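As a starting point, one isolated chain is supplied in structure tokens, in the form predicted on its own.
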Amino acid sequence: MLFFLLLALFGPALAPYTENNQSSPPREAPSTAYPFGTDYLGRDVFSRVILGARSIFLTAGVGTLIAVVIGTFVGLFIGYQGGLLDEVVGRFIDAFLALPALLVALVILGIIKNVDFAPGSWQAAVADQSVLIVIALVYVPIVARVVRSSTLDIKTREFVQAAQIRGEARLYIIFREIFPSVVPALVVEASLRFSYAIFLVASLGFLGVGASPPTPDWGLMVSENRGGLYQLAPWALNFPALAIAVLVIGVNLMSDGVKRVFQKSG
């Protein structure tokens, strides 16, 4: 996890070539000059894998952050409010979670990309970040459900009831009494959502509805080099696919570690 984070931060200084440099021989096998070989256009796969780390971290990371912030607010308020609001929103969340995340993402992307926005408008700027917005929308209900579940348990505890008896304001109770107790579950859920977001970004790139060529998106690189090209230059597909797998596994292991830390502290 830390290794890929460093690549995302310092990738442009570490990559020996630019992402779209085509001065290298096409389909060159891995060598000292090209550790991961070159693709069908003669672009250095090693450099593109390094430079692609920043894109996937920014898209998946910012999308997850937005989902966590919005989902936390929604989960806290409906969990604390209870009653009809909790029932209505809770059933809506359950219905949303019954759909596969990738299917929901494809539907939302299709809607965004099929709407004609005026060039330079704020809607067009939003559409340019469609994958980030999709990640946020897909994971808000999941985060909200986790926070709501924790809130329903915590709001019945004595320290929350004592604050209610003192006449504290609702916002004070939610953010000063309940929220600190929700943080452990929220941190674990956020790290888990981040791993799923990475895989979702790569999946959308692979399907051709995420990043556009010639962006060094790992999923897009896998898509570009599959089929007949894989027989000619398998390294152009294997290395970005390996990067996706290692990063997702690393984030999941980090999530498990965070969970164990909070369990021991609890």
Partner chain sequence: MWRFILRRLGFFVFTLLLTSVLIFALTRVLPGDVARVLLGREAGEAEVAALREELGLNQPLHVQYVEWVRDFVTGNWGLTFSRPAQDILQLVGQRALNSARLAAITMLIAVPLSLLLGVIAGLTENRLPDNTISVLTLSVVSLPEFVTGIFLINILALELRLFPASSAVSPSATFEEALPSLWLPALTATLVLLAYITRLTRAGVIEELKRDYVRTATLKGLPYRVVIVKHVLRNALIPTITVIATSTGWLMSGLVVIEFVFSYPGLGRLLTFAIDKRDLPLIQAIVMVTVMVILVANFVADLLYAILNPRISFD
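Residue numbers count along the first chain shown, from 1. None of these values were measured; they are calculated from a predicted model. By rigid core we mean the largest C-alpha set that fits within 1.5 Å across both forms.
Just so you know, the form predicted together with the partner chain exists too; it's not on screen, but the next bit is about it.
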Legend entry - Site test, 96, 245 and 249 vs the partner chain in the predicted bound form, non-hydrogen atom cutoff 4.5 Å: yes
Inset, instruction - Indicate whether residue 238 is a 4.5 Å heavy atom neighbour of the partner chain in the predicted bound form. - result: yes
Inset, instruction - Determine whether any heavy atom of residue 112 comes within 4.5 Å of a heavy atom of the partner chain in the predicted bound form, and answer yes or no. - result: yes
Inset, instruction - Answer with yes or no whether residue 209 is in contact with the partner chain in the predicted bound form, where contact means some heavy atom within 4.5 Å. - result: yes
Inset, instruction - Indicate whether residue 108 is a 4.5 Å heavy atom neighbour of the partner chain in the predicted bound form. - result: yes
Legend entry - Residues from 174 to 196 in contact with the partner chain (non-hydrogen atom within 4.5 Å) in the predicted bound form: 195, 196
Legend entry - C-alpha of residue 110 off by 2 Å or more between the shown form and the other one on rigid core: yes
